[in-house]
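In structure tokens, one chain follows: the form predicted on its own.
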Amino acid sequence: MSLSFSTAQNYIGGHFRPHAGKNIEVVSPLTGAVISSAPLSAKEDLDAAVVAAQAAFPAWSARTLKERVQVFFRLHGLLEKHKAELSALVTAENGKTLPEAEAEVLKGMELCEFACSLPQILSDEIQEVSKGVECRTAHVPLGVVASIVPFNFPLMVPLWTIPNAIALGNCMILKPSEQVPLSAHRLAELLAEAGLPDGVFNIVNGDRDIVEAICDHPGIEAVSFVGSTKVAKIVYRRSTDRLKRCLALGGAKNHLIVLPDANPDISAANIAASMAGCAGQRCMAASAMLAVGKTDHIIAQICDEARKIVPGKNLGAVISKEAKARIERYIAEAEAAGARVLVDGRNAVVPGSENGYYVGPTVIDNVTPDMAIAREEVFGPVLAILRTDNIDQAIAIENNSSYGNASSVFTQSGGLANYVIERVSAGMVGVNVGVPVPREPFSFGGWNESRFGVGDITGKSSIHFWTKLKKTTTKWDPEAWKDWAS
């Protein structure tokens, strides 16, 4: 579908606002061409968004939960209606394939579905704790909250937070990645069309300066963040130092443990797809494979599957020229250190898109735990294979990682699967699953240096992040009521 790209603008108080300051170019990774621009906002822009959100909060929070979720029921229909347009937009600004972008829209619809179920899930408690004395609880919205989101899922990750936070009665300020601001811009239009009142949802574009301003702003009660571990630590520390609630999701180094009895077809297909899906630019990507014992036949089949993944056809671009260079540097350094490149995706060129940022699927064997490619998040379509003699060695390598987002085991033995599940230090675990992402109502979130803060960002667990609990105890004098009635 043909798309024209308007300039991304800040969205404050129900209106897109032109920005008088500097703009940053928005470049499509598919071609390397500039397709739009977005404002580098100043603190004054954030102040205006906070004022608009604060003004909208009393009326919005006073609505019942059943009323508020109707907005997301209508948004669900609009996402479905505009699926083709939104998918093309995500592909253009992020570089992922069209089917991957469509999957992102579908996941966004699922997140809206969960928000619509909140009236059935969220039940406050009431109990007569002694004669004439009643206790009850109520989940109360926080006020103005902020969500800082990354480049790799321009539509889906904002919808991790927007439906639940807003349906629960908060007003939100979204800070999109400056690399992919266009999907958020369109989402603001759809939320308005779905009937969301002015000021409940706002967008402030920008770079590091706005992130820091969000962390510091006294009018913002809570901050959610998704991005690298390095920045997640900074956001968490800075926000909590200002006495805010914060949940910051960082990076990952996901280990897939492959046992000799694993089904070769299932394992190879799932591992290759996990490694290369979204060009490896997702925190759930297969990054390191721990090959236990005699698994050469499975590795050979993984290589065969990887060779079927072709840049520009069923493999998208990475986000930038700098990202491409960084990924290829990891591969070169591993090879120089003694690793063996089985499938080499360096220097990929797509005919007709020679200026695009492509890295082909890459499989590297004989990686050792001390290599950078084994320890650090590469964020590209690269699988590092580490050989181990037994399952305990594999688990030890996994647990020695500073990250703890996800881990999977490939085996046909239920006993060995449970052995791994009970011992790996990861918040999300899969069995014969390359991307062990929980589906709603189960929540998304890792452990260790993949998450800072308490709770998860989606599902039931998110309710506790976006609300505070009010406890009320009432006591009545029965005799007083009797006298009044008489």
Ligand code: NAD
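Sequential numbering from 1, following the sequence displayed. Not measured: the values here are computed from a predicted model.
There is another form of the same protein, the form predicted together with the named molecule; it is not shown, and what comes next is about it.
Student: Go through 271 to 279, 305 to 313, 172 to 180, 131 to 139 and give me the stretch that gets within 4.5 Å of the named molecule in the predicted complex, heavy atoms only.
Tutor: Partner-contacting stretch among the options: 172 to 180.
Student: Just to be sure I understand the contacts: of A103, V211, L416, L190, which is the one whose heavy atoms reach within 4.5 angstroms of the named molecule in the predicted complex?
Tutor: When the named molecule is considered in the predicted complex, the option within 4.5 Å is V211.
Student: Could you work out which of P158, G345, G199, G251 is the residue within 4.5 angstroms of the named molecule in the predicted complex, going by heavy atoms?
Tutor: Going through each option in turn, the one that passes is G251.
Student: Flag F444 as yes or no: does it have a non-hydrogen atom within 4.5 angstroms of any non-hydrogen atom of the named molecule in the predicted complex?
Tutor: Yes, contact at 4.5 Å.
Student: Would S224 count as a contact of the named molecule in the predicted complex, using a 4.5 angstroms cut-off between non-hydrogen atoms?
Tutor: Close contact is absent here: in the predicted complex, S224 is far from the named molecule, nothing within 4.5 Å, heavy atoms only.
Student: Any chance S228 has a heavy atom within 4.5 Å of the named molecule in the predicted complex?
Tutor: S228: yes, in contact with the named molecule in the predicted complex.
Student: Is there a heavy atom of E398 no more than 4.5 Å from a heavy atom of the named molecule in the predicted complex?
Tutor: E398 lies outside the contact set for the named molecule.
Student: Can you name the residues of 376 to 400 that have a non-hydrogen atom within 4.5 angstroms of the named molecule in the predicted complex?
Tutor: Residues within 4.5 Å: E377, F379.
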